[in-house]
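Have a look below at one chain only, the form predicted on its own, in structure tokens format.
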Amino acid sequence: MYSLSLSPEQHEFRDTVRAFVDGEVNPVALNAARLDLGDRNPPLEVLRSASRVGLRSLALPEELGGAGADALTCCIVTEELAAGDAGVAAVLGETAALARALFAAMSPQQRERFLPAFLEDDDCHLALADREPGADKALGIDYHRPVPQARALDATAVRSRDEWIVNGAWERVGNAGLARLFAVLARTDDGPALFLVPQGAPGLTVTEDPEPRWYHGSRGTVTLKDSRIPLDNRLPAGAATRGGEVPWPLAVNLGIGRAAYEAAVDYAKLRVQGGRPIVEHQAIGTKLADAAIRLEAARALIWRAAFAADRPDAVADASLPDLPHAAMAQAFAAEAIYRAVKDSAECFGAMGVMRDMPLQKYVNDARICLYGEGGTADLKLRIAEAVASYRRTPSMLAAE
């Protein structure tokens, strides 16, 4: 099992990012005027500063110019970033996870072309376009039943001499409005594949998703029309991953909850009512205690999921039970942290719903984690199947 004592490197990562959030993120993200406007756009100047301290290439192996952080370290860093701003954490987390996956799948020649630009450009974020319009199933998973045959990709890539001609559309693409390099999934004559498309490529159109924003960071629709891509820009379809089961999005949720809880504790120690700080009142004390319990339980599950991501053999050697740990952490954290944030906001009374105060931002951010990807119902069905030892083959999972 993972050690509850963080390594010196993990302590250094955490302290460095915490100082960065205090000095660079909070002054922008928690500015009263920005909060009052409900501005959810990730601040570009903060993202550039984060890149300069190595957070954009956090998960990239050291031999490729990154920090080589493991899944647990990525979760620790993402939690710290999300305690400042969930949008900043989401953008950096998406880019860091995709960088590890995509550059690992590239040939040496492809890395020589794409890696220097990624490392040198602080604005170079990555995006994976693999979800076509209408691809999501309307009724969730087929519980304890085989799924229908996988839906064929509508997007196509046709070879024409020394280039590919790619046509297609993909929706809900993370980092769409910020990406300098897209990996798009399309169908070829010999099966699906990924194609690397730089920003500004002919035929590329990016449209930001409209308000209201039920997501963190940047998201939008990517369209390619008769876009001509160099022949060597192809990657295996198996590279279409954000780094396996690394549970960094769950750490975004955790950071939101921690920020709300810490703000409530600080306020409860300062606010005096009935001759004593309200933290000494039973009603407030029990709310804060419940929030602390939920946050610590969520962190334990998220760290366990990170351990499982770092140790693929953990089930085989009986270190962990054969269960979907990332799904369990997500299902528990989404609901528990939302309740923790609501309890924290209630400690502020009417101030907790004022638009220019951070608590309304935390509540909205926690609701996005709870409902933004369709809730936790499908996750719980996945867990139920695992409890019953019902196994889905890779092809069955791909079909969903």
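All figures in this text were calculated on a predicted structure; none of them were measured in a lab. From 1 onward, residues are counted along the sequence shown.
The same protein has a further form, the form predicted in complex with a further copy of the same chain, not shown here; the description that follows concerns it.
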property: Heavy atom within 4.5 Å of a further copy of the same chain in the predicted complex - residue from 195, 261, 103, 118; result: 261
property: Contact residue in the predicted complex, from 173, 185, 314, 235 (heavy atom within 4.5 Å of a further copy of the same chain); result: 314
property: Segment that reaches a further copy of the same chain in the predicted complex - one of 280-288, 105-113, 87-95, 222-230, heavy atoms within 4.5 Å; result: 280-288
property: Residues 72, 381 and 389 all lining a further copy of the same chain in the predicted complex, heavy atom within 4.5 Å; result: yes
property: is_contact(residue 303, a further copy of the same chain) in the predicted complex, heavy atom dist at most 4.5 Å; result: yes
property: 4.5 Å heavy atom contact, residue 191 to a further copy of the same chain in the predicted complex; result: no
property: Heavy atom of residue 331 within 4.5 Å of a further copy of the same chain in the predicted complex; result: yes
property: Distance check, residue 135 to a further copy of the same chain in the predicted complex, heavy atom within 4.5 Å; result: no
property: Heavy atom contacts to a further copy of the same chain in the predicted complex at 4.5 Å, residues of 247-271 in sequence order; result: 261, 265, 269
